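Single chain ahead, written as structure tokens, the form predicted on its own.
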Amino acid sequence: MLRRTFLMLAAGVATLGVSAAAVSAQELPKLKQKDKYKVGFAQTESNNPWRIAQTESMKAEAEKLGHQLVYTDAAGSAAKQVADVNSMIAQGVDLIFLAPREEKPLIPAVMAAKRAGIPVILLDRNVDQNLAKAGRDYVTFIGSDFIEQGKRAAEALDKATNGNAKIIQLEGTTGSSPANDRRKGFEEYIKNKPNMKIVASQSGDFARDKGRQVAETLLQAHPDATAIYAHNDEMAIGAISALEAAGKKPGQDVTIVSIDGTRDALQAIIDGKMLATVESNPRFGPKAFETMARYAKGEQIEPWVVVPDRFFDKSNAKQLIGEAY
């Protein structure tokens, strides 16, 4: 795997006539201070409310500040996202905001931008830290603590079930940092809970219908499952549909915890179909452009700009649903 990753990286920068090592040795590109910028935003996909809310936030903030935003949607394809970044480089943008679909395949895009003298700020998903680092290859990563999100979901499930649960895990996009870390955080929490066991785990690609399909299959294979942990709300909502189709009562027969904090999830909590969801705030626009401005001023940017997240359950879902997306 490492050899393949290195070959991908080398191939990605070969078109620029330099080696990966040479790119890494270069200084991080600077950003000149000026009133208006031409900024790229390489979105990974737009197939769920979270992504749509993030895109709307980025577009609204760019318009508010008077910046020109070059927006692309990779439609769930890492290869297209690399091509999108290359197109932005060709258009001469001042800076690129990148929401990398997967940790390894987007390394060539980050390195290509660096070689072209264009700084990159990663949003909501990170890249492989063994291959590219904040402050050296890109400015910073702005995002939530995905490991902590997983731990908080596990803790909620632990308390609700008194530490007894046979769990189906619906994972996010394979190879993405939120899927990797949300699994890690959840599994780290339950490793010392002998009666909390994951009986099945499969990717639903962060999509509602895929989550429903995977949940249906896994529930058939494990009819004794008592809990579902979904890496995002869309898959959790899909799992609710799968449970109801199987004649089970979500929230009673099977306890569901998730991550994101969407309006549909909060409504499911209010309706008693979901236990809880950990917020993963999608409104990146203000923080993203504030960080860009700080960087242009020459400020030292921390390698990880942490986005704080709330927790929603029956105690506050009804009160806060108006703020949800």
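None of these values were measured; they are calculated from a predicted model. Position 1 is the first residue in the sequence shown; the rest follow in order.
Another form, the form predicted in complex with a small molecule, is not on view; read the next lines as being about it.
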Only one of 121 to 129, 218 to 226, 194 to 202, 67 to 75 has heavy atoms within 4.5 Å of the small molecule in the predicted complex; I'd like to know which.
121 to 129
Within 4.5 Å of the small molecule in the predicted complex, heavy atoms considered, which of P108, G238, P178, G150?
P178
Contact test in the predicted complex: K273 vs the small molecule, heavy atoms, 4.5 Å:
no
With a 4.5 Å heavy atom cut-off, would you call K287 a contact of the small molecule in the predicted complex?
no
Evaluate F97 for contact with the small molecule in the predicted complex, applying a 4.5 angstroms cut-off between non-hydrogen atoms, and reply yes or no.
no
Is N48 close enough to the small molecule in the predicted complex to count, meaning some heavy atom within 4.5 Å?
yes
